[in-house]
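Only one chain is given next, in structure tokens, and it is the form predicted on its own.
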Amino acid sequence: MKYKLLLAGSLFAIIAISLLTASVNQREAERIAINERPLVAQKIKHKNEEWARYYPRQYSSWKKTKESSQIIDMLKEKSQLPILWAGYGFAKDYNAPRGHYYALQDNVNTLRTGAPVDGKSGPMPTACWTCKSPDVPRIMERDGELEYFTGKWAKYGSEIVNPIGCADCHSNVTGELNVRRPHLDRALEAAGLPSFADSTHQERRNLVCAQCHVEYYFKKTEWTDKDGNKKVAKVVTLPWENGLTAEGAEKYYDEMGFKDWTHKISKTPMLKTQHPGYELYKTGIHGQKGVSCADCHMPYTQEGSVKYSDHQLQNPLETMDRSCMTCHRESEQKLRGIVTQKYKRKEQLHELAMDNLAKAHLETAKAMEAGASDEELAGVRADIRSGQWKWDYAVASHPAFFHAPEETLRLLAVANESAMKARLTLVSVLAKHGVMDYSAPDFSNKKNAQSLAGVPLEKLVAAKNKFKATLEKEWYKIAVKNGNLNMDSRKEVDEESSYFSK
């Protein structure tokens, strides 16, 4: 009887172990199958929804970027902005960035891209599409980079129809991280840094973001097409030859005598910072410690035996258990308090710098009205240009107060100092021309500020709405016909903006 019980127990143990081994092997096979990088058909590389069959979890999380849908009118929140950007497109319309799901539609909706009536009209160049869609590298590879950068924004309206997604950062053949916009490698070479191919995997997790989250300008480049036609391309170029700093980029622009626009109020030759997120991040503690963008904004998620990167790309404070607590040992509450403190400090200097820069522009206009010459105002304009550049550099990347709090505060402090220096000089210039105790007009709300900046808002909105009712609709019909767009993917696209609500 004793031996029979031992035999039965042994048989039971053997069966249990066999079943457990089979289960483990099955789960491991499933994990490997799910995590392998399948080949993705060449013909669908620019359509995000077609990647779902290969990477269902990543695609499902990417689609959640549509949850970041709130429209925040920054010209209303910060009424100094229309004054600072008078004569430039951002004075017309500027909303806080939303999720990647809306990036392309927001580019179409904004008043900055105008109201073209055909493929050759409108105020902006094709370069304005560059970071908004995986259709862009597809067109670059098909037409050539210089042809892509030649012409008006509306030229590719019927082809650039899929929002930021899979093929922007991944090879459509292997699924591996990939950079398909040539301007990044050119900038890395200019800065003396390793190319994308020569970078570590961890740094590549930053560089796929640095394709777009960087400072850039449109470099006029003359070229001749295959038919011998001479053309001018406006090529996205990163000003990294003097390093990845605000001062380095400013020196680059100053030495080439570059300006983005002439200020409508003060007649100052201005620079407009874009969004130097990568550059500022590199100066902060996370960047210095080797923490990548993806570590915080795309934390790993575990589903059973499957581990994958969350592509929702949201505020790390929304996923602190996966984004922050894997490294930090403080409580979530304490970390939130630290972030709030950093934000409040930034906001105080942010407001001071904007107020003084806006008043400097308006006081310069008053000095011109009183008879001050360009020679008298040369120093004032140099201070305004430099101060506004550093203010913009500090805030244009949006979360810089967290990525690089010390550098952000330094730049805002220097910006404010330059603005105050300009205003002190203006006191003497105004007095010289008989203007005493001048007070800048009220710009405490968006309406007043845009009026002072000469923005014909009603006219711009009417033209934009006409464009949306006509040419934009034609673009999508053509895109569907040519196989570049699945119209079902647009069903949930949010058409709202600061001036238009569906």
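From 1 onward, residues are counted along the sequence shown. Quantities reported herein were computed from a predicted structural model and do not represent experimental measurements.
One more form of this protein, predicted together with ligand HEC, exists but is not displayed; see below.
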Legend entry - Contacting member of K152, K264, H286, K421, with respect to ligand HEC in the model of the complex [4.5 Å, heavy atom]: H286
Legend entry - Heavy atom within 4.5 Å of ligand HEC in the model of the complex - the one residue of Y94, Y88, Y308, Y156 that qualifies: Y308
Inset, instruction - Choose from 54 to 62, 432 to 440, 472 to 480, 454 to 462 the stretch whose residues reach within 4.5 Å of ligand HEC in the model of the complex, heavy atoms counted. - result: 54 to 62
Inset, instruction - Mark I338 yes when one of its heavy atoms lies within 4.5 Å of a heavy atom of ligand HEC in the model of the complex, and no otherwise. - result: yes
Legend entry - 4.5 Å heavy atom contact, G165 and ligand HEC in the model of the complex: yes
Inset, instruction - Report yes if any heavy atom of H398 sits within 4.5 Å of a heavy atom of ligand HEC in the model of the complex; otherwise report no. - result: yes
Inset, instruction - Find out whether any non-hydrogen atom of H201 is located within 4.5 angstroms of ligand HEC in the model of the complex, and reply yes or no. - result: yes
Legend entry - All of R98, C131 and V208 within 4.5 Å of ligand HEC in the model of the complex, heavy atom check: yes
Inset, instruction - Within 4.5 Å of ligand HEC in the model of the complex, which residues of 99 to 127 have a heavy atom? Give them in sequence order, or say none. - result: G99, H100, Y102, A103, D106
